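One chain comes next, on its own, written out as structure tokens in the form predicted on its own.
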Amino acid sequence: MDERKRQVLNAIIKDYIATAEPVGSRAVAKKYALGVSPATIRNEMSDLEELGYLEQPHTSAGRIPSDRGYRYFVDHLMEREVLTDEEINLIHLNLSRRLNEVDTFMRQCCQFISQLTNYTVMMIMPQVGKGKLEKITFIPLNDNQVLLTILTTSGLVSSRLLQLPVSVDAKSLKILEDLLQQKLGGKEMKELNVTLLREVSNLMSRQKQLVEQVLELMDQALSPQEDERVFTGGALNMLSQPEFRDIDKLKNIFGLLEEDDKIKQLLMQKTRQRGTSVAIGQELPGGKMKDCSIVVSSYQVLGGMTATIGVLGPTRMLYPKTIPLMEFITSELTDLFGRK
């Protein structure tokens, strides 16, 4: 593609991202000072349409970018925006919350990123059933209530409130905690089944009833359920995008967000690539999301496991802002989980 066509394509995509309205040759000539007449720009637009980079939604309308045009823009024309100090400070502030319970943190993170981008956010986080058991803690709340907290090498925390049938003192809980840590610490989570927990139970001749109750609830807490947990945020942001005034388009998007397996399929397909990747329109699997684009980025949690974030928006996404923003956030999350 020659330089003039690159300039015209870049101008049309920038204008369409900003306005969501088809772009005409006069608008390009007036706004972008390319040094050529509207007639010359019109000829270049016709050539770009023939090459598949632009589309004309109506005979008398201007042009809009095609999926191929957006792909060329992202790969060759896009000038990445630099995050402002205010944005960086805001990200640091929102990611500095205490990481006591991962599920709550991930939900808050989804909401925060959706507010920052005005798009829909999806996350995949390794489930408790992955990694090794690192630490077990019993925190007595009163005579009959104990908070059981489990930390894994994947950085995940699982907590359960145990309602005990009999009173238990802090010393007895500490003995049980030390025994469980000695016998179960360092084992793969998927190995922590009922049989192993019963073996630990048999070592405790005293307070048998207490141990049985605690281990039964531990089994529920430790049992692996799904390989990954899915979190979403900002689904209603799609309603603010002009492209999705069509109810059928919205049905496809909300249908995706209601099914964890579809979200996993969408995100995991892109995480086969390293770093941050972008899928545009027809590049998304399934064929029902052709009006959307997704920016996917991954980060490391403890134990070398990978978590994934995807930002879903229209193909008219603000790529120059969204891509560096996601790269910065996932870099910060990698550091965060490394510290915590």
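Residue numbers here begin at 1 and follow the sequence given. Bear in mind that the values here come from a model prediction, so they are computed numbers and not experimental data.
The protein also exists as the form predicted together with the DNA; that form is not presented, and the subsequent description refers to it.
Interface residue remark: Ile329 is not counted as part of the site for the DNA in the predicted complex, having no heavy atom within 4.5 Å.
The DNA is not shown here, but in the predicted complex it comes within 4.5 Å of a heavy atom of Val36.
Under a 4.5 angstroms non-hydrogen atom cutoff, the DNA in the predicted complex lacks Ile323 among its neighbouring residues. In the predicted complex, Gln56 approaches the DNA with a heavy atom inside 4.5 Å. Contact with the DNA, judged by heavy atoms within 4.5 Å in the predicted complex, is confined among 308-316, 62-70, 277-285, 290-298 to 62-70.
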